[in-house]
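Next up: a single chain in structure tokens, the form predicted on its own.
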């Protein structure tokens, strides 16, 4: 290994994890209705495979599409399809969704399956093809980022053979603790998923990156790795606590000292990167034949009565989840779908939980007033702090100003597409310019223009 445990750039904002890091995962009762979005992944959206008034069962595939980069969606409950309609989406605004009224007489909440996995699990009983097929049919996507279909990552590709599996256990985003609790409580399930992914992808080496502010997680994974006698090499790599340490490209640099070319992908240099929650889902899909219908979500912040980590059906509304958590202790001035660095603020609490929803963060008026991005904006003083903080080594100010004045061509010349929208530039800007917001807007304008031209 040639990594140093860190990368150039980045920031270390207040962690805010004290609200929920010690709260064990709690199963949420089945809500009266779920709204399953047909677009929960990068790639082509699903098409509904059910119709209004159809009866559906928990785990039934209700949406799919014939496309390489896509993932089917499944019903998390027993119930009846109420409607197929537009629903709020945290990134693209609105998308089609399947509304399901749950059956009150037959909906015992799904429980985690961690107790069904142990150190005696043998991944060699499954072929690479069986593992990849189960991942594809289960609708698995990256649960710690943009939702890239997991099958596409794991499936062997002779043109880009993979030799190293990198596991992301960093959870560097402030406030969020869902992955931390998964690592502590579902250790052997995560390990089963890691070993299955290594077998499917053909990787001979596994490196598990965990930030040093999670010593308990490092300890349990080091103990688990020491007990296994797999053919491949497995190592836990402690990493510097730094944001965005969990970014795919930053993680590879920190652990291996390698660089993924701008616009490139990790398999191009023989690497596959998976999140710990995704690995837990792989184990369920392959061993238990259970699709991705539930996930752990951190509900946190000073405005929520019972912050914690909750096992939630995909499709449950934010409003129902907040109600289950005891409601608000004081008025929430901002509700963030995710963490405060990358998560979008939402105004519609009917927004459903998706496969990639790691958190709901509720900020008070005092939190918002103190937040840097809410203070008065002044002129850029060319201090260069955004350049030093950018983990992708871009010039965020020049990109943002080009977008501000309608020069998307200039923004593209400064590699607007390479921005990972981590928010580091906005965080350090003394002029309080929302640089990341401008760049997100520029990408959206470019996508809309391309669609019109196409």
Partner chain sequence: MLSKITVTPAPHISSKLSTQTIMLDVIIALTPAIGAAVIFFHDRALVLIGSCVLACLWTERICNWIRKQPSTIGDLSAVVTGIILALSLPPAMPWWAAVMGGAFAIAIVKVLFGGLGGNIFNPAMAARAFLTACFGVLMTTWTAPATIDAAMPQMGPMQTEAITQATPLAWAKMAVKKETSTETLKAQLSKTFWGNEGGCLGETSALALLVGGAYLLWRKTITWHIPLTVLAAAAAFSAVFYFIDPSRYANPLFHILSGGMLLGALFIATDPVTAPLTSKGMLVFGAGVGALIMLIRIIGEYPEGVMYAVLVMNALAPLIDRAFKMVPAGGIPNVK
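Quantities reported herein were computed from a predicted structural model and do not represent experimental measurements. Positions refer to the first chain, counted from 1.
Below, we refer to the form predicted in complex with its partner chain, which is not included among the displayed structures.
The closest heavy atom approach of residue 330 to its partner chain in the predicted bound form falls within 4.5 Å. Using a 4.5 angstroms limit between non-hydrogen atoms, residue 20 is distant from its partner chain in the predicted bound form. Contact check for residue 33: no non-hydrogen atom falls within 4.5 Å of its partner chain in the predicted bound form. Interface membership of residue 402, defined by any non-hydrogen atom within 4.5 Å of its partner chain in the predicted bound form, is ruled out. Contact check for 53, 59 and 82: none of the three has a heavy atom within 4.5 Å of its partner chain in the predicted bound form. For the residues 340, 247, 142, 123, the 4.5 Å heavy atom test against its partner chain in the predicted bound form is passed only by 340. Of the candidates 428, 408, 65, 42, 428 is the one whose heavy atoms come within 4.5 Å of its partner chain in the predicted bound form; the others do not. Residues of just one listed stretch (344-352, 209-217, 280-288, 148-156) have heavy atoms within 4.5 Å of its partner chain in the predicted bound form: 344-352. Residues from 250-266 that approach its partner chain in the predicted bound form with a non-hydrogen atom closer than or equal to 4.5 Å are 259, 260, 261, 262, in the order they occur in the chain.
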